[in-house]
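Shown here is one chain on its own, the form predicted alone, set out as structure tokens.
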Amino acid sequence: MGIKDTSTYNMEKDYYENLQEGPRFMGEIPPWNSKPSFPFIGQRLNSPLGIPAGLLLDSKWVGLYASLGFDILAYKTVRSHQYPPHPWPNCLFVKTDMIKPHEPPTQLVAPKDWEPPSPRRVTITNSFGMPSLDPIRWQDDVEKSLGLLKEGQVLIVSVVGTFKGSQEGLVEDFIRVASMASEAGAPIIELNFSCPNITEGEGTIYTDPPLAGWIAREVSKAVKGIPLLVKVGLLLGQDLDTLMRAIAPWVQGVVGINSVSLAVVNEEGKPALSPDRKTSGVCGWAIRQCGLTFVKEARTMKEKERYELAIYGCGGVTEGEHIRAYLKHGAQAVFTCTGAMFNPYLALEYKGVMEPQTNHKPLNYQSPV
């Protein structure tokens, strides 16, 4: 059994197969007690650890990871209409050292049949393109997901508007899909302003502060009373400062980072995923310094300007010490996607319920309903 087989997401199958079959998981889930003492947007949660939008494809995935002690669960980004994923393959292992935030490489290599040395050193490239089910289906499933949470846990529904030729239309669609999430009972809504695998307007909103602020303002008026988060990519220095000024009046938190967009090639130097996907999101172990640097800079700007804005860290979290490092750098909560994908016991290890595991085997898991 290789590292690939330890993943709850089956990299050998496409998005729809993983959605239909649900997560793979093997092992007992030991009992653990709820201790809602951690503050999070007006609530008390069991811990500051969660999973960002991406891994939790539907309620089956939410149910598994809630039972495994992840207390902040972000439902995979949804749209106001059905939207297809990019073709398989969607995930490949990438061979790389730690990426430097101010000096990222021009490209990385995804060697055929290569695997990382352990689940805690996994770096992948992923390329899905923010697919979505029809709203009727995902709204019903969001309601089901809410019923699977334990005491001291919260669900975030991530949304994105679809760019159809004009910024006005994009803003209107963000309002539309956020309103749908509100109707489904979302206690918190995330505006996904960053997707490295979308070449159209919605994938790079975080690099356009006036547009980001416009969307945040209009959505906040439309879903008045529901806290809003914004998800962003790697942005530093003056660019980050400008973005935070634009969104701070309208949202309650910012989540960063959503992978690092890079060219990923095979050993022949050709695009590793497909000829038309020259760049894709790189996530996992190798982007931790990028995420930590983002959090540190965002915290400094927040304190200087006295923003009422929470900073949530994400990127490269594969061990308990990584969670503690993010909190030390100023993150008020920490999200892990690739880490949770290859080590589903990570939250229970962090809470001290389990000793760190060395081997995990997959098994079909049926969520309680």
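What you see is a predicted model; the values in this text were computed from it and never measured. Note that residue numbering begins at 1 and tracks the sequence as displayed.
Not on display, but discussed next: the form predicted together with a small molecule.
With the partner left out here, the small molecule still marks one of 204-212, 105-113, 144-152, 281-289 in the model of the complex; by a 4.5 Å heavy atom cut-off that stretch is 281-289. Under a 4.5 angstroms non-hydrogen atom cutoff, the small molecule in the model of the complex lacks residue 220 among its neighbouring residues. In the model of the complex, residue 128 approaches the small molecule with a heavy atom inside 4.5 Å. For the chain shown alone, residue 333 is not a contact residue for the small molecule in the model of the complex, no non-hydrogen atom being within 4.5 angstroms. In the model of the complex, the small molecule sits within 4.5 Å of a heavy atom belonging to residue 53. Put simply, of 247, 298, 257, 178 only one has a heavy atom within 4.5 Å of the small molecule in the model of the complex, and it is 257.
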